[in-house]
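As structure tokens, one chain now follows by itself in the form predicted on its own.
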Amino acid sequence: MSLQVASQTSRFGAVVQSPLRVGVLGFGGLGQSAARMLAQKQEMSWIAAADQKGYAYALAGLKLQDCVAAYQKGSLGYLEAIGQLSNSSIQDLIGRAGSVEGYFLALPNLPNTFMAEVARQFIQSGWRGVLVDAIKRTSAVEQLLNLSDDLQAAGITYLTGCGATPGLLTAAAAIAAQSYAEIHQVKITFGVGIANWEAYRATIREDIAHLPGHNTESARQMTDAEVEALLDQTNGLLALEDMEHADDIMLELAGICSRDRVTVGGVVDTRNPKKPLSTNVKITGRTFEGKISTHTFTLGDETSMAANVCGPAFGYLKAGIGLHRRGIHGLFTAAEVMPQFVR
């Protein structure tokens, strides 16, 4: 039986039908990478997308090339028949696309309140389904925690911090921690290489916000020329240390360790697709026999930022849809739920 029409009952009792009907909010570099990944998936059907100026919705599925061409004209809203220009694209898409089971929020969290504001739009709309983000900052996750009861009451299952870090590496740390009686340190070091920063403008601005002398608001207001000038000063490299990354609060919420034992940093090369260093997480702890040891989980250098963000995001989206169908709503993190592989 083909995956497109298959349905099965998982060992946990949730009926999973294929394909899952999903949407992507945000169509910049990350959103377009998410769409390219979905084009290769049989278990998910991409039927909705939105950018700042419009949205597109088609039950039969969106076509990647058509969406990219429309976006290059200015917005997904320029798609014939299925596109709509709008200054309130997310709100309007929610109201129209009731058949969407879950969304990947491939949105820049600038300003730092933006993701919580988007969550409120979904709560107020009456839509019921699954939301997954790849949010970075601890303070942004704390804002979502304040909405946990509202999300549950609205019938929304929201999984936060489901990218690479936080996300894939946070989950790896949670699993690796099981070898120990006490966790002394979780150290995440990442390397990101992209050929052209303009393909990921919002992501790079979020990274700049972590640099000394910058914050989310100053980074958001930077012009492209100002970003270029900054990158010229650093030869295209952004060296980031002791970042405010939600891996800390996620591991704390999961009972792994206190947030002060988690550190995140790395290097972003905005002019070279090759990673400047290997991405890894090191978990150091004491075993029940009293020995001190370190587990290291390293990502392959050939995997891109997009692969390591979008892949986990859709894995968590699939898991979230399974939870939602079982009537489990509210806010969860990538350290609390195991992602499911999307074929």
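Residue numbers run from 1 along the displayed sequence. The structure presented is a predicted model; accordingly, all values stated were derived computationally and were not measured.
One more form of this protein, predicted together with nicotinamide-adenine-dinucleotide, exists but is not displayed; see below.
Visitor: Just one stretch in 43-51, 282-290, 59-67, 314-322 has heavy atoms within 4.5 Å of nicotinamide-adenine-dinucleotide in the model of the complex, so which one is it?
Guide: Careful reading of the contacts points to 43-51.
Visitor: Between nicotinamide-adenine-dinucleotide and G29, A134 and V309, in the model of the complex, does every residue show a non-hydrogen atom at 4.5 Å or closer?
Guide: Heavy-atom distance to nicotinamide-adenine-dinucleotide in the model of the complex: all three under 4.5 Å.
Visitor: To verify the annotation, which of these, R120, H214, K187, R201, has a non-hydrogen atom within 4.5 Å of nicotinamide-adenine-dinucleotide in the model of the complex?
Guide: Of the listed residues, the single hit is R201.
Visitor: So which of E206, E252, E244, D92 gets a non-hydrogen atom within 4.5 Å of nicotinamide-adenine-dinucleotide in the model of the complex?
Guide: By the 4.5 Å criterion, the partner-contacting residue is E206.
Visitor: Decide whether I156 counts as a contact residue for nicotinamide-adenine-dinucleotide in the model of the complex under a heavy atom distance cut-off of 4.5 Å.
Guide: Close contact is absent here: in the model of the complex, I156 is far from nicotinamide-adenine-dinucleotide, nothing within 4.5 Å, heavy atoms only.
Visitor: Check Y78 for me: does it contact nicotinamide-adenine-dinucleotide in the model of the complex (non-hydrogen atoms, 4.5 angstroms)?
Guide: Close contact is absent here: in the model of the complex, Y78 is far from nicotinamide-adenine-dinucleotide, nothing within 4.5 Å, heavy atoms only.
Visitor: In the model of the complex, is there a heavy atom of nicotinamide-adenine-dinucleotide that lies within 4.5 Å of any heavy atom of T138, even though the partner is absent here?
Guide: No, T138 sits far enough from nicotinamide-adenine-dinucleotide in the model of the complex that none of its heavy atoms falls within 4.5 Å.
Visitor: Heavy atoms within 4.5 Å of nicotinamide-adenine-dinucleotide in the model of the complex: does A171 have any?
Guide: Looking in the model of the complex, residue contacts with nicotinamide-adenine-dinucleotide do not include A171, since no heavy atom lies within 4.5 Å.
Visitor: Across 33-47, which residues bring a heavy atom to within 4.5 Å of nicotinamide-adenine-dinucleotide in the model of the complex?
Guide: The stretch 33-47, when checked against nicotinamide-adenine-dinucleotide in the model of the complex, contributes no residue at the 4.5 Å heavy-atom cut-off.
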